[in-house]
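The chain that follows stands alone, in the form predicted on its own, written as structure tokens.
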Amino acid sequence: MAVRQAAGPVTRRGTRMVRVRAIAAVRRSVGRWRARGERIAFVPTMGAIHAGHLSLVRRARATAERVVASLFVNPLQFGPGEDFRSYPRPRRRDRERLAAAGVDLLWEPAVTDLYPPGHCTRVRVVGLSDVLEGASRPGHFEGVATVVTALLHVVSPDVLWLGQKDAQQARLIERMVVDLRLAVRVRRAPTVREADGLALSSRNAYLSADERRQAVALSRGLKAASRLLHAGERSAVRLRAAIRRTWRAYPKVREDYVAVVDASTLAPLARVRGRALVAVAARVGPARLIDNFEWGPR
């Protein structure tokens, strides 16, 4: 039987972050806050907390009186041969970082809490699930949509904060929230980067020192495409070619995809006319990394 866990480290507001596992405990806390008229923001994570996650918590703190975060490595979004078992899980450090950033309630469900025996329901966002990351990782976004739906159903937040680095995931969840009439506002925060431009990712921990130096190819390729767009280039072929030219200087970068797509539908573009997403994925050593930027009017 799931039981309420002990209070966690002291948050930056001087109160204690509460850690819970049980779904009922989450709902009790949220219910008390709602009874007081407090707004609730939610930051779902798979742990291995870095500055990108913490930026989401800070934004959540600025948009609501209460912040809930979750730590859950979701098995449904990992395919065969992927890194579910080896995915980093530094739980004590994660808890300390989230508390210091101002999280009020940290939910750490077990797999059986979200997927009890007999669980067979899946959520699929048709079209958006099948391209880019979805084409490279079949079933990935079905797992994402299913777990996010479950998390939102329990937490019932006013605001959900996601990161731009996972742009396709954010777009898919935005569409899902609209289609399922979920009463939550989805917000995106900019990608947080290292000083040399590498997008922060929990999977960066897999990189050796040499691989880490090679991994900057992703952001540098995107920067080359961005420069061309600023100079007036609109051909998707030429934008993709600029990224690949940049990558030639980084022999350990193995392309998965280089794409220029409509930022809303994720349909491939021949020319950039409206809002576009320029997205890349590549393997560097044992890590599969993604990055992107959006261009054009919102």
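Numbers follow the displayed sequence, beginning with 1. Quantities reported herein were computed from a predicted structural model and do not represent experimental measurements.
In what follows, reference is made to the form predicted together with a small molecule, a form of this protein that is not presented.
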In this chain shown alone, the residue from Arg58, Lys252, Arg234, His50 with a heavy atom within 4.5 Å of the small molecule in the model of the complex is His50
From Ser226, Thr149, Gln169, Ser156: within 4.5 Å of the small molecule in the model of the complex by heavy atoms is Gln169
Answer among 240-248, 256-264, 50-58, 29-37 for heavy atoms within 4.5 Å of the small molecule in the model of the complex: the stretch 50-58
**Prompt:** Contact between Val184 and the small molecule in the model of the complex at 4.5 Å, heavy atoms?
**Reply:** no
**Report entry** Contact flag, Gln214 vs the small molecule in the model of the complex, heavy atom cut 4.5 Å
**Finding:** no
Contact test in the model of the complex: Met46 vs the small molecule, heavy atoms, 4.5 Å: yes
| Closest heavy atom of Pro190 to the small molecule in the model of the complex, within 4.5 Å or not? | yes
